[in-house]
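Take a look at this single chain, the form predicted alone, given in structure tokens.
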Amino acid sequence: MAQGELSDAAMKFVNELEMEMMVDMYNRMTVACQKKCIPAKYKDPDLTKGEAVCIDRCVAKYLEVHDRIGKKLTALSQQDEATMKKLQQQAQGN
């Protein structure tokens, strides 16, 4: 197996971890947006227009921030990987 490749078991673990993180993010978003946008005591069985707009905006912001964080973490991970390769090449060159 080449360096950098993951075994099937490792890939399965990574996929399960990613799914777990997405479920956690969804649950946090649901709780946060419901708490922010829907009063604890409500009279109507359906969302009001204001509640629906609030939830739409809340979810959009939550997902946008999640996307930005994901992109930043990916960039940092790629930088770390490049740094590690350089260090390994320097160590092998000495």
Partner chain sequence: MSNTLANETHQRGLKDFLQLYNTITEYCFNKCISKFNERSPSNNETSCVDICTDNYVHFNQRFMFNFVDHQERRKREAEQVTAEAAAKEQEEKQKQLQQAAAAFAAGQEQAAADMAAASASSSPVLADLPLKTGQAMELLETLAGSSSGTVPPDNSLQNIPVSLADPVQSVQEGAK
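This structure is a prediction, so every number in the text was calculated from the model and none was measured. Basically, rigid core = biggest C-alpha set you can superpose within 1.5 Å across the two forms. Residue numbers count along the first chain shown, from 1.
A second form of this protein, the form predicted in complex with the partner chain, is not displayed here; the remarks below concern that form.
**Prompt:** Does at least one non-hydrogen atom of K49 fall within 4.5 angstroms of the partner chain in the predicted complex?
**Reply:** No, K49 stays farther than 4.5 Å from the partner chain in the predicted complex.
**Asked** Is D44 a contact residue for the partner chain in the predicted complex, using a 4.5 Å heavy atom cut-off?
**Response** It does not: once the partner chain is placed as it appears in the predicted complex, D44 has no heavy atom within 4.5 Å of it.
**Prompt:** Does the partner chain get within 4.5 angstroms of any non-hydrogen atom of K86 in the predicted complex?
**Reply:** Because no heavy atom of K86 falls inside 4.5 Å of the partner chain in the predicted complex, the answer is no.
**Asked** Does the 4.5 Å heavy atom contact test between M21 and the partner chain in the predicted complex come out positive?
**Response** Within the cut-off, so yes.
**Request:** Check each residue of 41-59 against the partner chain in the predicted complex and list those with a heavy atom within 4.5 Å, in sequence order.
**Result:** Read in sequence order, the residues that approach the partner chain (within 4.5 Å, in the predicted complex) are C54, D56, R57, C58.
**Message:** On a rigid core superposition, would V23 pass a 2 Å threshold for CA movement between this form and the one not shown?
**Reply:** For V23, whose C-alpha is compared between this form and the one not shown after core superposition, the shift is less than 2 Å.
**Core-superposed comparison between this form and the one not shown, R68 Cα displacement 2 Å or beyond** = The answer is yes, as the C-alpha of R68 shifts between this form and the one not shown by 2 Å or more after core alignment.
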